[in-house]
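For reference, the chain that follows is the form predicted alone, supplied as structure tokens.
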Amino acid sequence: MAIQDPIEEGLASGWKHIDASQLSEGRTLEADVVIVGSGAGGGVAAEILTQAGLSVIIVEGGPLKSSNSFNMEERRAYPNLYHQAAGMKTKDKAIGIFQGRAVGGSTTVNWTTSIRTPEPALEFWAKEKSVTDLSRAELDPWFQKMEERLNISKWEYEPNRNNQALKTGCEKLGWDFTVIKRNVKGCWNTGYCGMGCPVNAKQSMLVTTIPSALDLGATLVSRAKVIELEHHNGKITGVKAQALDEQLKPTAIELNLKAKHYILSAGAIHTPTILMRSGTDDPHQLLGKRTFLHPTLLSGAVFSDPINAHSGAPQSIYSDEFVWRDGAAGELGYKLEVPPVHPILISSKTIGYGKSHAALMENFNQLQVTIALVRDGFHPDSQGGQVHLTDTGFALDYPLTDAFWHSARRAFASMAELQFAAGAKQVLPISEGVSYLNSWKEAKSVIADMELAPLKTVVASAHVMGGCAMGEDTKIAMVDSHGRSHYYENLSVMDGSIFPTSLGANPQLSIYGMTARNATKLAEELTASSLA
């Protein structure tokens, strides 16, 4: 059956797309609004603003790909669709970070999990971070709007065996679990969401809001890296971008983008980086600080029967049993989920080589993996990381504190208990020096004393948040509660960088909902001012 490719069809219909790698000379473009980034924030903002009749330019550092490019091969997907070929790490190399780099941003490669912002996070922001008008009652209509727009609904099919093990363990132990809502339409249940959806079932920005904006006349500039924002007297006056070649290396060709209003949606690392590189006002030195990751631990488990964790919806069950147990500001809680298990992905997130690695991979189809995402940014001893400018770009310094390691030890114990309850023969906490554990009793004893440390314990992240926080108090916030800059009248930020803490939940639906609210308000203001 032929698979419809909305990107190829759109380009053939005359979309205004500039692949900067193909330019032979510089360009100057003008519009009502320039949006930097095409992920969850940029995509939603682009659609809403073009629907309001505003002209929009979207500039994206990554390439424009389509389902024809998504062949479900890790060797192709990671170099083509992820920052640093999915090899990005924190400054000390202790945390691996996955971030998308293509039109659609991380929505092109995420695992489709869609969760509304947890109420404890919003209540904490209101009480401690001067965020206003952002309760669940105020946000729920926007979540509903985006759930309808992106076909977000509860996954009604049987979970794959990787997720089923999480569900079974929770049932046996009497723990909380929830069936995940996913942004899919006509999903083939292949399990390769992280490599770009080959059948366009995932309702990412690549196949929904970006095509909608382009149909309404927006201009998309791909393979162009924003170098700086030009500014004067409290206004942004332009965006300077550098064309990249097909390998995403800088060229000498520059683009100058002019607009009435500018939106940064480049993500929680690149939005603060662009602002710092531009020398924008930051009197309280907040930019890049309090960057959060949901630092994540992994626990493998070997089952007698095949798990085939590469196949089927990657995430369809989660457990919030331990996320908010001690209150938002209490001990760092952790969310239990599972990842898809593909050969390169799991090889890069395990310890060992030679015989021990071969032994692990021999059991590849019997391997179940549970992950614990630690909720950072609420406890006083969990201040997150800091993005710094370097001679070659940026670095993220994220110290793993004692508070984190205390939570990590509890999380390893919870994951082992769950996996044995689900029927695992052996459990392997992914940390150097720990062998396969043969019972919950043995695991409980070993995990209580196992050494946990940076570079010995595998820690990963796919959720980068913070670094340009929202709130009304300028001593702790760079933008207001609607994402408008406190220092530049024509600048907004619409991405996960505005979160004052992490979420305790996968972030894409939070970004969709908050951006829909903020972009709608901005569109009303811009169209009203143009009529005045």
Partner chain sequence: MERRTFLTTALVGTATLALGLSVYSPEHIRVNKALDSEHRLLFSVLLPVFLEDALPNVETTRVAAQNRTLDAIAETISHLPQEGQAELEQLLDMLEQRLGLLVLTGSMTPLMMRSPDELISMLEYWRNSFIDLMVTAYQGLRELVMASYYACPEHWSRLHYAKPTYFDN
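Remember, predicted model here, so these are calculated numbers, not experimental data. Numbering follows the first chain given and starts at 1.
There is another form of this protein, the form predicted in complex with the partner chain, and it is not shown here; the text below is about that form.
**Report entry** Option from 68-76, 418-426, 112-120, 220-228 whose residues, in the predicted complex, bring a heavy atom within 4.5 Å of the partner chain
**Finding:** Looking at the other structure, the answer is 68-76.
Query raised in the report: Does D449 reach the partner chain in the predicted complex if we count a contact as any heavy atom within 4.5 Å?
Result: Residue-level check for D449: no, no contact with the partner chain.
Query raised in the report: Counting only non-hydrogen atoms and a 4.5 angstroms cut-off, does W188 reach the partner chain in the predicted complex?
Result: W188: yes, in contact with the partner chain in the predicted complex.
**Report entry** G234, heavy atom within 4.5 angstroms of the partner chain in the predicted complex
**Finding:** No.
Requested in this report: Considering only heavy atoms, tell me if G327 and the partner chain come within 4.5 Å of each other in the predicted complex.
Outcome: No, no contact at 4.5 Å.
Report task. Counting non-hydrogen atoms within 4.5 angstroms of the partner chain in the predicted complex, say which of F322, W142, Y192, F124 makes the cut. Result -> If I apply the 4.5 Å criterion carefully, the residue I get is Y192.
Requested in this report: Please pick, from P399, P306, G238, P343, the one residue with any non-hydrogen atom lying within 4.5 angstroms of the partner chain in the predicted complex.
Outcome: The option sitting close enough to the partner is P343.
Query raised in the report: For the stretch 290-310, which residues lie within 4.5 Å of the partner chain in the predicted complex by non-hydrogen atom distance?
Result: Result: H310 alone.
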